[in-house]
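In the structure tokens that follow, the same protein chain appears in two forms, which are kept apart as structure 1 and structure 2.
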Structure 1
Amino acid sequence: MTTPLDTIKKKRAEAINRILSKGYLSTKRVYVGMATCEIAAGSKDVMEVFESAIKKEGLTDVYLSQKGCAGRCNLEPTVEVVEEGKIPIKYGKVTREMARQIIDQHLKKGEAIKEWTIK
């Protein structure tokens, strides 16, 4: 008989597969804060810039996701760029223009923009 634990393990494996099929293993994962506080600080604009860039410029090695609020209110909107094996880069107070530059410099050329990171 399948127990609830068996079921959940199966469900988790399926969930992980679905996430992987969306490109989770891409070289770079980008997380944009989308809680009420982040949205109030302007994160919807930032999300839009990333979304359209990924679509229009064919950034196939980028996985984009929204996230809740990590708690750094005075530095919102926040964006994280996570790469396997590297310390995740965390940007604060990201604007449309900054998002554009993060795409050109960090996502395309692999150069993190140090001045904008949260310490």
Structure 2
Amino acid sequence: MTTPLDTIKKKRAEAINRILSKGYLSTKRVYVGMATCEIAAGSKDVMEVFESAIKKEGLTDVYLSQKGCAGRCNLEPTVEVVEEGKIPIKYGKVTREMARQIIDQHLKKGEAIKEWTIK
């Protein structure tokens, strides 16, 4: 017979697994601007590069999400990288090729690409 406590323990374990599988506790977070204007500027392509890298390269410590309008249309598409214990880095006018370099240099090696950052 299943007790109420057993049910609660099972639900808790399921919730923890969902949180972990979605990457909510990751040490690195990447936010790609996906407002309408950013999509028009190419952010869907940029998002695809990050999605592909996370799946294919096993970047399990990276949480990927969308963000809304930042009010900086002249800098779109934008990407923000937030790492635990560090100041967030915002990149502007990101292309597919730049996204690939952000993955290789910033996410994998921890080296921000300063010449692409938004101040």
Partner chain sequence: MPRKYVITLCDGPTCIHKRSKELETAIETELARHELSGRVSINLSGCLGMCAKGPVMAVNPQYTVYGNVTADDIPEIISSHILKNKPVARLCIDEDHLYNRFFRVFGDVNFFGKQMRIVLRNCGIIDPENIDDYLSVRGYEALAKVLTEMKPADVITQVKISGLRGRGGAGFPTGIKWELTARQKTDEKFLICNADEGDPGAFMDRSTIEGDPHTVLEGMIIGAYAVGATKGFIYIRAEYPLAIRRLEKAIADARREGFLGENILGSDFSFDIEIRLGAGAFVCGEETALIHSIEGHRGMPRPRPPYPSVQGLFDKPTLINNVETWANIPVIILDGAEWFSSIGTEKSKGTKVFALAGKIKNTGLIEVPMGMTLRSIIYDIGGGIPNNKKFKALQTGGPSGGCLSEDYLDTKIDYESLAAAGSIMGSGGMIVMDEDSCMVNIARFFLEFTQNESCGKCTPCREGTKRMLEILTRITEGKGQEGDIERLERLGNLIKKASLCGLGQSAPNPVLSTIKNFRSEYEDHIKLKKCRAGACTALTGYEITDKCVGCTACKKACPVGAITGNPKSLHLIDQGKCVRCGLCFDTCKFSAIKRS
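Along the sequence of structure 1, residues get numbers from 1 upward. Throughout, rigid core stands for the largest set of C-alpha atoms superposing within 1.5 Å between the two forms. This structure is a prediction, so every number in the text was calculated from the model and none was measured.
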property: Structure number of the form predicted alone; result: 2
property: Core-aligned C-alpha movement of K109 between structures 1 and 2, 2 Å or more; result: no
property: Core fit, then E97 C-alpha moves 2 Å or more between structures 1 and 2; result: no
